[in-house]
Ligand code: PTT
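The chain that follows stands alone, in the form predicted alone, written as structure tokens.
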Amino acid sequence: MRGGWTGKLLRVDLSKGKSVVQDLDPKVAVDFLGGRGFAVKTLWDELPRGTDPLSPENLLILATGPLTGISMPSSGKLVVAAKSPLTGGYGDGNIGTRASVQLKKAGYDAVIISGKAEKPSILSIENDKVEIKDGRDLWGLDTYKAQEELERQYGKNSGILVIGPSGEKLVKFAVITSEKGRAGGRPGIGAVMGSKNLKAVVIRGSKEIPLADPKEVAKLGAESFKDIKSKDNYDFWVRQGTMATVEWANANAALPTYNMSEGVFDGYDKVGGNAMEKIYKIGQKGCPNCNMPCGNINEIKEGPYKGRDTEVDYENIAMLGPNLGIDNMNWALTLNLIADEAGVDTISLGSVLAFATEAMKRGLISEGDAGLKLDWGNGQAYVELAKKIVNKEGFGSILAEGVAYASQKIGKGSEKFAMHVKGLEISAYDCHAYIGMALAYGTSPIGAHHKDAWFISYEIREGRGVVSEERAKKLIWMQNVRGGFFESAAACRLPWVEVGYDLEWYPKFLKAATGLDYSWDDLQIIANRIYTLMRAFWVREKGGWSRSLDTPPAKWFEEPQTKGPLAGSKLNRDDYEKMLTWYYENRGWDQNGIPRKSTLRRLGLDWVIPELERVVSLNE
């Protein structure tokens, strides 16, 4: 390996208290890039089918890619992955954090953590020195206090990954956090870390990241950082970041409102990008090597957390604001801070709170069941229930399992408005009127998340409501770029998505970093390989597959929007099934969504066939 990859994997067995360094197989590097690709390959190869996600046998994977940490825009990403305790399938997320760069500088492409420590512990990685240290003094601390204490002990430039009390208590949508507000691993990767008695990972590296052509990387980097700052949308982006999406989504009837019953919200302007910029924003934060920071630091102006600050973006505020009927930014910010300190996913928190409210509104649960009265817009009640959820107290312990579990527990038809796919709560776009985005949620490989395909922007630009094979192909292309390439390379997609940074930069950086010539055709093949292996993992763990698992909730099909410019809109089941069929065909999967043998062979995944055939019959 000439560069890009370090060529080394660090394996840590917490049960035995031992670690070992292994060589990275060059073929795995070339065929799967890194990040998500390394994670799913490792989980497929090494995790026995049926492994309990919260058992010591599950693997917690921290993975970089060939672009991580190099001198290029927004290269500070780290993928965290495991078998998901929330969904039972493949689960991952990415975090923009110093830990990503420090891991590469320490000399590792990935860390694979198994077992369970006897007591709360800290994994310390400093170049070749790997130690498992006593972490009992940190156990129980929120993520902010733990971050501060670890910075005091190890230095502010250390890469630090921590879990909060919710990860310790195994809340199913607990995340791994870093640097007070950075978070990743929506499908419960923080709970996996907690199940291993691992409070924190601290990484410090002083080695050079190997590069095939350092001068070319530096040249491309200088040109790229300058290019990004020249884009038309750059200044506005730096002012508002993703928060401008509140106004955009409301105008296009896609803003999640009242548990995704509507796409418009009367008080949207009080929680949108303009209000944030004028009233609440006091600073901003970005990932390593980023010159277009997306993290908006907001100050809470009133309420129980007055004077505190918290980092927000669109997804947080949309799910903890309009989706709960909240038009007071202070309550949305407060809920965001509670989630970040506890170490839970803000999207899922907003979803379970909204689900509980709708269940109460429909008379399916009582005030006595929930322990308090829920009503749209009641920020104080949501704060009380959020605290019960993150601490797994009372009714909160049910919601801490996620909306899929909660709907099964409540029953009475509540499954129809439990807004999830494959067990993962839907992120912040209402899709009554957007069949392409609904399909993106339906086929996302971790459950309903937007990071794999923000397809709604394409639908709005190119025409809404189109049902065609070309649209399904376009979705696959977008998933392959966003979820296949960026999640494996591993770098941030926002320069491309938000300010128009050209995709053609990335093969140039790959060549300068690794010495290998990757075309976008090559990268599409790699992405198809990764998506197909993620699907194979799901099929293996579920013991088969059904199209219903790739279908969004009944609410979007049966209960139309009642207000706004697209009032009356709802999804058509026949149209959705057509789109799903085209999607499967173009992925090379059969009509049940299971990869075909011919597809597995074409993508170099023939070694998957024998194990997959133990649980399901494969079509040729």
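From 1 onward, residues are counted along the sequence shown. Because the structure is predicted, anything quoted here is derived from the model rather than measured.
One more form of this protein, predicted together with tungstopterin (PTT), exists but is not displayed; see below.
This chain lacks the partner; the member of V101, I95, A386, L150 within 4.5 angstroms of tungstopterin (PTT) in the predicted bound form by a non-hydrogen atom is I95. Scanning G181, G135, G107, G89 against tungstopterin (PTT) in the predicted bound form with a 4.5 Å heavy atom cut-off leaves one residue, G181. Comparing 414-422, 450-458, 254-262, 391-399 against tungstopterin (PTT) in the predicted bound form, the single stretch with non-hydrogen atoms within 4.5 angstroms of it is 450-458. Taking non-hydrogen atoms only, N323 never approaches tungstopterin (PTT) to within 4.5 angstroms in the predicted bound form. Contact between T334 and tungstopterin (PTT) in the predicted bound form is not found at the 4.5 Å heavy atom cutoff.
Using a 4.5 angstroms limit between non-hydrogen atoms, G190 is distant from tungstopterin (PTT) in the predicted bound form. In the predicted bound form, tungstopterin (PTT) stays beyond 4.5 Å of every heavy atom belonging to E168.
Of all the residues from 493-525, those having a non-hydrogen atom no more than 4.5 Å from tungstopterin (PTT) in the predicted bound form are R493, L494.
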